[in-house]
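Only one chain is given next, in structure tokens, and it is the form predicted on its own.
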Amino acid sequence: MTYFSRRAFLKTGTAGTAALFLVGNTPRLLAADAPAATGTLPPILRLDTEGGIVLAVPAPDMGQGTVTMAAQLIADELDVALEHVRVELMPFVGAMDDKGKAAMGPLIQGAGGSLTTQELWAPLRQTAAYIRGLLVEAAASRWKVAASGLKTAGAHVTGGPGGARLAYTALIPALEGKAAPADLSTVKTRGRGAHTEIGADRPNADAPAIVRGQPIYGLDQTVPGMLHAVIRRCPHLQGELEKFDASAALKMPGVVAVHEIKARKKESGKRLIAAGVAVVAESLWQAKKAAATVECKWNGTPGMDTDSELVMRRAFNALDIAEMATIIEDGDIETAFRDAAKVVEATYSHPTWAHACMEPHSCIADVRADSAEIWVGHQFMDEAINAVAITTGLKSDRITGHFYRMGTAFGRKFEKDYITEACILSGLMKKPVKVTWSREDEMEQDYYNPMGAYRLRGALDKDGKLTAMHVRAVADGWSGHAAREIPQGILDHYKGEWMEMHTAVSNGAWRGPGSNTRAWVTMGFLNELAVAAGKDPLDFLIELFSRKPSVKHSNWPNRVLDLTRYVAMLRRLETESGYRTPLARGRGRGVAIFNTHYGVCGHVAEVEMIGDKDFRVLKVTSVVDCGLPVNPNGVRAQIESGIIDGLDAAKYGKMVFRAGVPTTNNFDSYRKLRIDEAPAEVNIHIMDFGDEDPRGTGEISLPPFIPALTNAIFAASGKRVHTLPISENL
């Protein structure tokens, strides 16, 4: 395994290699050729004699606050003010295997699974702590005192003779030429009690640039001499292009070329890139206008059986009669149901959801005979590099990636179709080409959140205690997870069955993958069981989660869940929400709590009915267990955004397919939440369980909000929401 060229990255001006520290006026190298063979070196820091500190962050930011969080980690360990740390995104610095494929090196250069903060927590702090140690040693040498007696504060080393202090800027020349160790994993970082920046509320570091409209997103980027491409893609799922006529387009001003794009598929048979016709022009507007004149004849036969109503009927039929795979079975489920005092059954279903990213996809590619460059917003740098390598036939170490902030992603910008298209067209044109998607493209060619249908049975004993549960799940993706969700592991008797149903729809990750819908199914049904048992839903959950101190979760990441924390969070919700306070007629509260990936979030939603068919969310009270919060302000922002996304998806989210064609393809047909529908009040409480390390927050609040909402609607109206979206099923 070989590492990508460090000198090549230094020439780009971003100095984004994981193997070097830079210091000085230039800045110059601290260790010009530090060995990287072990792949254990942390991210880069650049310091200059003017007092500036530049951090090259390895993981992209798509709104989850990576940039701000990373700056806080560095400022905390270096003892400098946060405003003195400037952050830029690091290019890919991973490794290349024997087959020429890019692989993650010492850093996880991606964003997904609510893992970014957890992955950067140790290496960023170790990097800063190492540099701080060098500065202290330099001061000790100058003062001829022991380093152990010195401290740092406010970008100074303190504790010198007679109370002397030295600015970092004065010590930087003494660092030049020192070798960086190959492994900083043993460098001691500060404990929780010594943090200054970690745990402090800080605003988004990119906010000034965002409100000024500065070009920090992938869609904003330009390179000299580039052409623009707009692609007429096949509107049919899995469809093909039979023929096209571009004669009118070729006569239009600025049009340079028209190229057919052949459909490509993944090994699974799902779409990699859609069939289409690309119009390449000197400007985006010229390409867009010309593309509209291209006459295309499509063959939509492969996906014609994918129709929303037909697919859902098939799913319900499967719940009735299909032989499903049993993925988990504890105890004696049939005896438990036979001995039950009461059996409760319910069926839930939800449609497909689109990502509807605010920033549609774009990529600039410059493909040459022996190298390639891309400028793109993408969630995983190695995946982006490998997409270029596969398309061009180049080895990954011949590819340079420039990565930018994303205007939301939610999992959609993990896919590589827009990168592949740009590389194909640049290779054909022998020039840089920028491919820009429209809103319709982004929705019609999405990798959607799966649809699903679920049948659940629960057994209650004479005291109203849940004794057994049986889940049958069918969907066109992720459905197996719903069949083995908590309370599996708590109950002695549990059975989960599932079946994946084939459709022509291409599915992918969507904020809180799997959890986003199974939380609604699971927590919604537990609410039904509580009502059937004649118990308050909050008391029912507290009793359930009090049965065991912990349980091993069967779904990724297979955590051991501390159920004592669940109980504490529910008690906090009870207090903070005023849960026991009576409400006026037509109002109701709903509660839910759920583990998503590495974090736990709980909500009490309070709603008021507007007639029989609509509602407004008056208040949301949330509790969060995310370990040690690096930036509580950022945590609250993520929880709020998850609440909004959950409300939006639950109330309106519905992709419609007719004979294999997506018919909801813009905001006029795929309804989004309006600002006046947002909750009037949101109160977020970050739980402190004494953790030394952080966990993720980006995806944890959305899943439990949907059942909290539908449970509140039931409490307010007596109507149980078993089918999403709510707007069509109240």
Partner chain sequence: MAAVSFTINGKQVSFDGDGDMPLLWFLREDAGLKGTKFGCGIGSCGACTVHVNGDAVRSCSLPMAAVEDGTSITTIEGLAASDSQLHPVQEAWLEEDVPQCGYCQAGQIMATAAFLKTNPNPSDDDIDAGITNLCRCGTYVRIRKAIKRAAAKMQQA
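Residue numbers count along the first chain shown, from 1. These numbers were taken from a predicted model, which means no experiment stands behind them.
The same protein has a further form, the form predicted in complex with its partner chain, not shown here; the description that follows concerns it.
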Among 185 to 193, 77 to 85, 219 to 227, 493 to 501, the region lying within 4.5 Å of its partner chain in the predicted bound form by heavy atom distance: 219 to 227
Its partner chain in the predicted bound form: contacted by all of Ile261, Lys266 and Pro432, heavy atom 4.5 Å: no
Proximity to its partner chain in the predicted bound form, single hit among Ala170, Met609, Ala257, Ile210 (heavy atom within 4.5 Å): Ile210
In the predicted bound form, the residue from His236, Arg636, Arg455, Lys651 that sits within 4.5 Å of its partner chain by heavy atoms: Arg636
Met406: touches its partner chain in the predicted bound form, heavy atom cutoff 4.5 angstroms: yes
In the predicted bound form, Glu576 touching its partner chain (heavy atom, 4.5 Å): no
Phe667, heavy atom within 4.5 angstroms of its partner chain in the predicted bound form: yes
is_contact(Ile686, its partner chain) in the predicted bound form, heavy atom dist at most 4.5 Å: no
Stretch 189 to 205: residues contacting its partner chain in the predicted bound form, 4.5 Å heavy atom cut-off: Arg202, Pro203, Asn204
